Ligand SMILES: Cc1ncc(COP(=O)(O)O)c(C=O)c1O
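As structure tokens, one chain now follows by itself in the form predicted on its own.
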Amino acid sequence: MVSRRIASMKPSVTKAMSSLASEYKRMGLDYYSLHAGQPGFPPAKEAVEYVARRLMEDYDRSLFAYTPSEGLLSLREAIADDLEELGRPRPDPYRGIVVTSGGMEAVFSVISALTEPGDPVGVVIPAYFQYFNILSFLSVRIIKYNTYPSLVVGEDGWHYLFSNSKVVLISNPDNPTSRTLDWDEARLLADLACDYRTYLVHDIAYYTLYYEDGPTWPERYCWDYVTTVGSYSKDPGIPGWRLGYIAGPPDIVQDAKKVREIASYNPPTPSQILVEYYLKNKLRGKHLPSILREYARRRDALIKALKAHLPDVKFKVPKAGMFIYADFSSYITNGTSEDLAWLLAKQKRVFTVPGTVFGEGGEKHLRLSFSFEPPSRISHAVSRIRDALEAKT
């Protein structure tokens, strides 16, 4: 063992599941993807065609050269405009936005800029599993607020986190629970950040995937202590092209820029070109509504299938995001959700994510994604989960 720090990090379960799925595909076997938080549709064809024309017709060497480490200025201006249209105060595109190679690089860079080893960083449990690896790698002290079984934070929970942390890291909409902040809660978080002088890192990877209500912004009420990190993996839907961003106070963003420059030097140029075109030409308004309607249809299919085939599973209907976080405690009598997830993957070729990866308390939970499979296959996948559970008893 060379590094104890690296040894403490856990491999991604979703990547391990994806590797097994790839093996099934190589063997010609069908499988059901309820595990990956990625879009079920490609990006807008118009944007893809634009990038192809730029690459093939212009064939300019600048398209293959380094870009500024903070990303193209024209893209940063488009991001600033887009965030303002979505209700967030407009960040400074010159010094208050940095484009990153994906959302996780954005989180890593901001937490690196805000902390020293040993500093306390607050997270709500359950939390996105990669948060733990990032925080472990940076040798910070994780302050946890466990929300099981209600999965509700509440005012006391937020006070606990902000009063005991240098940084609080949240996802909104949340991964895995799909919980969202309402406006009163967003104002509370902003007030706590400013009152305690605790930095809030607001991860909004799913911020346009709302089926009811819409995004809320603590950034409206506390300028100096709230930093936004986002991703273009879900909308416009380029998870493999790795593009994200940081938006916030220029002093924080510029320090985070130093970190992301070390990590990947500059963000991918084709991805920047595509997202800039997508934002400037308002393709979200043309492209996303039909996708959201289909996601809502798939969500409802998953809800219907769970109620029909597994009536004792407990869950909350998500207003946003891609997931239902389901309590299988009535069915998992022996072992944990990780045991069940691997049994489903290997025996029924149904891929899910065990709640154990999201922190203590998830031993009887599974995260089920409804974004990738059509309704008929979602229903069939849930029936296969039922068959596997019945065979265990």
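Quick note: we count residues from 1 along the sequence shown, nothing fancier. Quantities reported herein were computed from a predicted structural model and do not represent experimental measurements.
Form predicted in complex with the ligand: not shown, discussed below.
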{"property": "Output flag, G102, Y131 and S231 jointly within 4.5 Å of the ligand in the model of the complex, heavy atom basis", "result": "yes"}
{"property": "is_contact(H309, the ligand) in the model of the complex, heavy atom dist at most 4.5 Å", "result": "no"}
{"property": "Touches the ligand in the model of the complex: S171 (any heavy atom, 4.5 Å)", "result": "yes"}
{"property": "Any non-hydrogen atom of K166 within 4.5 angstroms of the ligand in the model of the complex", "result": "no"}
{"property": "4.5 angstroms heavy atom contact with the ligand in the model of the complex for D203", "result": "yes"}
{"property": "Candidate from R242, R298, R284, K257 lying within 4.5 Å of the ligand in the model of the complex - any heavy atom", "result": "R242"}
{"property": "Among 288-296, 263-271, 177-185, 203-211, the region lying within 4.5 Å of the ligand in the model of the complex by heavy atom distance", "result": "203-211"}
